[in-house]
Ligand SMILES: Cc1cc2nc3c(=O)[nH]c(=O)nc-3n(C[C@H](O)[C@H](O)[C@H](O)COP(=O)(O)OP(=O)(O)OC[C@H]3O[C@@H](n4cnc5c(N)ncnc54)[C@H](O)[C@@H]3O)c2cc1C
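Okay, here we've got a single chain as structure tokens, the form predicted alone, with questions on binding and movement later.
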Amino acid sequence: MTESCDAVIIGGGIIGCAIAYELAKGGRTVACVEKNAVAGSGSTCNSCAIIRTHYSTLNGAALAKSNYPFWEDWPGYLGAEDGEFLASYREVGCCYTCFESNGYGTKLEDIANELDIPYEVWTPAKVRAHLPIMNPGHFHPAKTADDPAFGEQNGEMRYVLFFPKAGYINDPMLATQNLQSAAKRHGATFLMGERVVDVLKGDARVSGVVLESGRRLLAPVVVNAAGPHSYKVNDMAGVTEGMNIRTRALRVEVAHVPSPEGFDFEADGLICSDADIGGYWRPEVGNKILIGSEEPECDPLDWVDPDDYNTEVTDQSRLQALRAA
């Protein structure tokens, strides 16, 4: 079977479904192909779903700021129907620890000032006032658990930058399905459980895709939103050579731990980007804490085949929790 449309999107995660929605809303005929049976059930549902306005590049921060209002008014952005079950955005703010090795956050401050992104400077005393369980000490550089100096404080954090326009999505898979529903209302087609096996080309440009089922989708535009599989799609398209920026699948663990006893981290916690310990964390539904890594130099990177990798929790997750502790 051969069909035609204006654009084919490979990947039905949060990015693919958002692109499908915007293109369909703009009057294009769109087909979104997703290898899983459910939208947002791949890397999207395993993400920390953090939304923020502070980035280390001017363009990145400008893009984030321009899109932030969509998360603040998620039902309005979607044109949601009455009674539709929607994900929610929880704004809690984000602390960015500042010390010598990250230039005391001056780059973020310069960009925030240029773009009028709100932020505050918090002293260690102010950090403790807002988050009593946080020790604003200095522990850099990040260490492995068997290092004799692990957990030893070697100074006081000078200050942190607090960005109030930051938070997280309570259910990233549901948010993706919200976008899918919105795109369908504008005529987008979703082909679930279908895998792209070839990218069609002709006259030095793409002309469509071939699916594992034998179905062919012809389109002058093919969008690669395949997440961890994006490098495989680029290889199919024959565009890897000459790319300035390439992608690879990196296995990243996130620890999921309960809040310290006597403190409601879901209600009173905040996000922290803490390069001082090589990690970050955010509140999680159920009074939990999600703890991720910022890939410090002492930790090996685990590049994987996204179709064949270890899905079990390892000591890396425990190490991240210990660093946060």
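On a predicted model such as this, the values are computed, not experimentally measured, just so you know. In this text, residue numbers run from 1 along the sequence as written.
The same protein also exists as the form predicted in complex with the named molecule; that form is not shown, yet it is the one meant from here on.
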query	finding
Among the candidates 121, 252, 115, 221, the residue which, in the predicted bound form, approaches the named molecule to within 4.5 Å (heavy atoms)	252
The unique member of 257, 272, 49, 61 whose heavy atoms fall within 4.5 Å of the named molecule in the predicted bound form	49
One stretch from 296-304, 34-42, 261-269, 61-69 that, in the predicted bound form, holds residues within 4.5 Å of the named molecule by heavy atom	34-42
Contact of residue 15 with the named molecule in the predicted bound form (heavy atom, 4.5 Å)	yes
Distance check, residue 195 to the named molecule in the predicted bound form, heavy atom within 4.5 Å	yes
Contact flag, residue 183 vs the named molecule in the predicted bound form, heavy atom cut 4.5 Å	no
Residue 226, heavy atom within 4.5 angstroms of the named molecule in the predicted bound form	yes
Contact check for 10, 236 and 280 against the named molecule in the predicted bound form, heavy atom at 4.5 Å	yes
